[in-house]
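A single chain, nothing else alongside it, follows as structure tokens in the form predicted alone.
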């Protein structure tokens, strides 16, 4: 073989190896933080509805999608392994602390959280207010366990990693990726109990979509988020003030509301009818509780539209706060964080308009 030709072959091989190595180095580092949920669940039948959530560890969840290695350098960590109806504030605090640490130390370019769908929107919104960096944080999960005939978890995880790795995902806050759609943490809601297309944002729609890992955005979140938030947690925070939610309905017994107000809670979200309206009897109870130092937020059980300040209820007179377009469950989160910062009521009200 000609020596010059052999040298060319050797140079080509070296160039190829260098190219592969550089490509591997250039791959974004994505940390998958697992919390359990249906995406880590399994059932006895591929066509039955019965299954047990949170049985597979993070290593198994990641291994089920080997294609992830083609788009990112993946690391996995088990934060907890629960059904998301068992999600607690302590897990939120642990997630927020770990994500901030990963970004602060440069250990991740993006984070994906595998999560049950029942409280996914709440975890997403909490992190949207407490992650102190503009890097992508994506929550995903599945409506069907991996043992199901048409399981959705593998594609959701692949797409979530793709969004976390995409350069145009920076500075968009925490997002939820489900069923090929990308949603902002503030607006996303679970709107179906069993369908894979279970999530939506009635007010704003999805901010983007992802098709087999190809990411495109058509909008930005309409509120401030993450590192812009005034609510970033101190490193030694171990708990948050207790805030309860009461669901309004026709004929509600005001004594029940009064009993809850007197349990020692620091804040109350009243999910009223219509524009967050309480009955006259409940209004009297809430007004007294507010006067005695309880922070009261008027939200609505209606799935769309804002609760407006000083409409049918004189919020200024009673010292109430309105939720704007936040759901009752997200209003609770914002109020807990605001109370933890010992903010005055006018400042808290402004947070509901800003975040």
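Residue numbers count along the first chain shown, from 1. All values derive from a computational prediction rather than experimental measurement.
One more form of this protein, predicted together with a small molecule, exists but is not displayed; see below.
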Has each of 38, 118 and 143 got a heavy atom lying within 4.5 angstroms of the small molecule in the predicted complex? yes
Using heavy atoms only and a 4.5 Å cut-off, determine which of 156, 200, 130, 84 is in contact with the small molecule in the predicted complex. 84
Of 94, 190, 209, 232, the one that lies within 4.5 Å of the small molecule in the predicted complex (heavy atoms): 190
In the predicted complex, which of 95-103, 250-258, 109-117, 209-217 comes within 4.5 Å of the small molecule (heavy atoms)? 109-117
